[in-house]
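Next up: a single chain in structure tokens, the form predicted alone.
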């Protein structure tokens, strides 16, 4: 094989393709779209002006691209008081690990394009959930390494949120496993059979998982670790330039990865398209359907900024422990009941 053929084989390998193309490049485009939609929706609902002047015919969309270019070429300022190695490594590692769940989730029922061997695919949901819980550790590390009181407070807030909402997210997704009797994401999608989405059959688990995604990615109304009026930018107070962009981009990448898992477990995955043979029908078009559903989830999360104010930390934790945790457990119980009567 020539060098070009080897490179094409590596890039075309499903785990690499899904992380680099669907994950990295896709999430960059989706992050721009989500921020633009967030600003425009908030402006419309609250009767304000959103991004406009940079490109009025595109509704100000190029304003976001200008922001990305500015962050990319802005000189990063690194205070002398920071713990240098974890300060630099935390945003990079957090962004990379935020995309790793996409290396293990299937985008089609065609086994030729599965990212994992069939034996490992039986536990693909558990593997994805195990990886998706890792990025918040680097947010805490970033706050601690900054050696700044506002950053430390933001990191502590993130720690409180992790304890509450990571558990609820996992329990919510396990509600889908309880309904279908499997941890295999392909089997979970196939069990939904087109329009029998688990979001409808098990709404308790779906709502718990959705709200936990909103909370664990610091989206409104739960933008608590980075609350500007209180702690400047939370764990990212001392970051600037490209390092700050990596921290912010990592949050959107993690939100996109979680939205893909949500689309597979509760929104029917690649249905109504039935994957066939060949690259186009067997992999590309099913992937497009999953990504479109994930983008809709991301935009729905972005819309929340327009209609909700920021929660206090105690309010968010009360919601987690008193309402969402019982809801997630009830979703598992409902799923077990549905599985016992053969509803799914």
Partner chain sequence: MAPRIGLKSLEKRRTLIDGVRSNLHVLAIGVKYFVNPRRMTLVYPKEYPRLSEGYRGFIILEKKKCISCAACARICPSAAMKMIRVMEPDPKHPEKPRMKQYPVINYQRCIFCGYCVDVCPTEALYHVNYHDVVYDNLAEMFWDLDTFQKEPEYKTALEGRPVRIMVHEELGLIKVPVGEGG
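These numbers were taken from a predicted model, which means no experiment stands behind them. Residue numbers count along the first chain shown, from 1.
Below, we turn to the form predicted in complex with its partner chain, even though it does not appear here.
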Contact residue in the predicted complex, from 58, 29, 279, 49 (heavy atom within 4.5 Å of its partner chain)
49
Between 288, 33, 317, 304, only one gets a heavy atom within 4.5 angstroms of its partner chain in the predicted complex; which residue is that?
304
160, 173 and 337 - do all three of these have some heavy atom no more than 4.5 Å from its partner chain in the predicted complex?
no
Looking at the partner-bound form in the predicted complex, is residue 37 within 4.5 Å of its partner chain by any heavy atom?
yes
Residue contact check: residue 45 to its partner chain in the predicted complex, 4.5 Å heavy atom
yes
In the predicted complex, does residue 323 come within 4.5 Å of its partner chain, counting heavy atoms only?
yes
Could you tell me if residue 41 has a non-hydrogen atom within 4.5 Å of its partner chain in the predicted complex?
yes
